[in-house]
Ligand code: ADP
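Only one chain is included here, represented as structure tokens and corresponding to the form predicted alone.
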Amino acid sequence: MPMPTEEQVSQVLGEIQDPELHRGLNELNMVRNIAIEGTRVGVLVALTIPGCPLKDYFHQVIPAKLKETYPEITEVDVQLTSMTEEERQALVGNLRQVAPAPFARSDSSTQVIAVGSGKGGVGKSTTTVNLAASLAKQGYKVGLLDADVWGFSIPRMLGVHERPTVVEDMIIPPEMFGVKIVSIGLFTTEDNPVVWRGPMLHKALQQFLNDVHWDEPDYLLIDLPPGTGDVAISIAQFLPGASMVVVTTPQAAAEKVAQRAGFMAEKTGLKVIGVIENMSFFRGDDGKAYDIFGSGGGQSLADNLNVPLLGQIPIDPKLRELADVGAPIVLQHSDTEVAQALDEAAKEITNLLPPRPKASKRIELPLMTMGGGHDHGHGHHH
């Protein structure tokens, strides 16, 4: 077999994606040189940031992929360098043009769903995490914004502990189980209370929507703080047209509180699409369902808000235990009654809000080359 040409090597490298930006290496202008000598190939790759934590990834993936495609290659030497300040800015500029948080635009292909509750302690975050994991499991691209600023628990529930990479001013969200996550909790420590007031929160949320490279997910779930405060109002302002799911428990008292959250959401322009009743019952070893927290709250709230009851999630200690160790129950024990109820709720959501067609994909190519007068395409190597 003859050795591949530079062109062919370049094509293979183009199929490898940057694991953080999820775009091909050629599209990101990361491949700087390809040298072929005999059966050896040398590749020079420019990383987006110096000291990038992914060095090992490129050292492993590039040789593996090249040798797999062209078995006659005996050796691949990967050299890494890093982009200059200007190149980085051009790259971020391009990503921004292609994907500034376009959620607010009417042609955005992302369905934004805020998850709220009237009060704390109803299992809202656990529900949100499992809905996100369930949607990802169904094959959708999912983003999860933890806007529950004081009670952020999403990173722990998904087992994400590293700080996100920041390129220029763009935050690259860590991904776990196919869900991209951003949370205040990734920027502070769990035991460090966040003493933030309304305006600062507003700013942080704006940043989490605009300066994060979400990359047009099918669904963006937002875990709201309990109650009817600033955050819900901010989200409604930033994302007109977002939908909301209200989580409540079967008690009549809880339902009244949740109803306030529902009405309040509608006043600010969030469209309530359904109710999830959590802690609906406990199924004993005898197979009987026990209504520990009363019954009917979810249905009566759904009737009052004039929306469907999307699911009734039973009580199962495993749900919380698994959340505490970062393993959502819908992935770990998908055969349990709880997991099935959550999966069912996620399916109901996709029925009510099917993913929208991707509009912006058509305009991507011309944008990628608009780089302040000189070409950031794949033509020449600096």
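One rule holds for the numbers: they count along the sequence shown, beginning at 1. Predicted, not measured: the structure shown is a model, and the values here were computed from it.
There is also a form predicted in complex with the named molecule; it is not shown, and the following applies to it.
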Inset, instruction - Look at the stretches 114-122, 235-243, 205-213, 137-145 and give the one with heavy atoms within 4.5 Å of the named molecule in the predicted bound form. - result: 114-122
Legend entry - Touches the named molecule in the predicted bound form: residue 110 (any heavy atom, 4.5 Å): no
Inset, instruction - Report yes if any heavy atom of residue 157 sits within 4.5 Å of a heavy atom of the named molecule in the predicted bound form; otherwise report no. - result: yes
Inset, instruction - Please run the contact check for residue 315 against the named molecule in the predicted bound form: heavy atoms, 4.5 angstroms, yes or no? - result: yes
Legend entry - Contact label in the predicted bound form: residue 319 to the named molecule, heavy atom within 4.5 Å: yes
Inset, instruction - Only one of 131, 222, 279, 301 comes within 4.5 Å of the named molecule in the predicted bound form by heavy atoms, so just point that one out. - result: 279
